[in-house]
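Before any questions on how it binds or moves, here is one chain, the form predicted alone, in structure tokens.
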Amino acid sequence: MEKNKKGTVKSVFKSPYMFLVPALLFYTFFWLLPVSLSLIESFTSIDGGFSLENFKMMFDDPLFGEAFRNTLIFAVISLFLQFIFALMFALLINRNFKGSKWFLFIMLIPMAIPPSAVGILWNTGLVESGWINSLLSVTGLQNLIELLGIAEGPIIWKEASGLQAVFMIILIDTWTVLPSVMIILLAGLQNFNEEYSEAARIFGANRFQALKDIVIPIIKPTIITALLLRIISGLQVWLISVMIFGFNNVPFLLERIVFYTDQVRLGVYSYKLSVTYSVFVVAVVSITAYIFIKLTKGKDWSGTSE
């Protein structure tokens, strides 16, 4: 009997599931535990009892509605825009044309720039005497802009507000993260057997039909991975907005967390608000990811039933 117990213990330690233990411990101590404590804190009043007053304070925040709207608009539009361009560039590079390696190298440069450096780069470009207006002046595009009546004199980009500022941040973010989406899609395309596409062409399908009915359905898992990562990241935008427009000017949900953590000194109220915003963001990200997975799971992207 003792021998069987020792054998059982040895078999447990030799189990492949033991390789998951470090990851489980990591997520338990550095994700599950902090999230659980934050969740409890968000439902705890200043007096220490259960209360919803923290969420009431969050909803009463004058910029909560705008921050929520900006976050959703940013996540949806940037997801669509980045996927379309990333797929186009991935398909182009996958054709292995002459110079495709250099084109890929140039495309990957923005991915190597830290987010803070991206903010500094575009912040210096968007000022009135920045490199963007200088480039427009040198290329003669400034004269065309003035001729069309779009602007009189150099454009003051940082005066943008509302949805204009959100769209500007979307374009900057697209320039930054497009390579990461493209490289994921490119990896899926390089594992794709071109014989399927060639067979479709033989039977009369054009390039678009082969792409829609053959290529995209086969690399569907890769596409879902890329889109899921991007929509989660899109819901967590804040740094570029703060570095270019500052706090409160173009609010996002994560920007509110940083604002009440570092900028506002209201003692326990600031802490409660930042924790409640954190719990709300986790809930939004989790629900969005769940809905996205449910909508894409089992769906036949070729237009025919599976």
Partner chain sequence: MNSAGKKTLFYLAITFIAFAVIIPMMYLINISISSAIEVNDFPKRVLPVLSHDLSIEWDDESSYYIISRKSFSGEYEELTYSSKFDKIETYLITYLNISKTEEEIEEDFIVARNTGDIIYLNYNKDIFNNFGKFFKVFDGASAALVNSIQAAAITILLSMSIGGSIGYALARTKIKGKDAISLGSLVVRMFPAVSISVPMAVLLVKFGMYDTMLGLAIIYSIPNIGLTAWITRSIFMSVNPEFEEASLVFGASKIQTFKKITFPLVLPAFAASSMYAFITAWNDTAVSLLLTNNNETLALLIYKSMGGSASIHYAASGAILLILPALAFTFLLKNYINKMWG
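Residue numbers count along the first chain shown, from 1. Just so we're on the same page, rigid core means the largest C-alpha set that superposes within 1.5 Å between forms. Predicted model, so just to flag it, every value in this text is computed and none were measured.
Keep in mind the form predicted together with its partner chain is missing from the figure; the text below concerns it.
With the partner removed from view, the residue among Leu171, Ile113, Ala151, Leu144 that has a non-hydrogen atom within 4.5 Å of its partner chain in the predicted bound form turns out to be Ile113. Only one of Ile156, Leu163, Ile109, Ile84 lies close to its partner chain in the predicted bound form, with a heavy atom inside 4.5 Å, and it is Ile109. In the predicted bound form, Pro34 approaches its partner chain with a heavy atom inside 4.5 Å. Contact check for Ile291: every heavy atom lies farther than 4.5 Å from its partner chain in the predicted bound form. Remark: Phe80 does not count among the residues lining its partner chain in the predicted bound form, judged by a heavy atom distance of 4.5 Å or less. Contact check for Asp60: every heavy atom lies farther than 4.5 Å from its partner chain in the predicted bound form.
Three-residue candidate spot Phe74, Val177 and Ala226; no residue lies within 4.5 angstroms of its partner chain in the predicted bound form by any non-hydrogen atom.
Interface residues of 179 to 208, taken as those with a heavy atom within 4.5 Å of its partner chain in the predicted bound form (partner not displayed): Ile183, Ala187, Asn191, in sequence order. A movement of the C-alpha atom of Tyr27 reaching 2 angstroms or beyond is seen between this form and the one not shown when the two forms are aligned on their rigid core.
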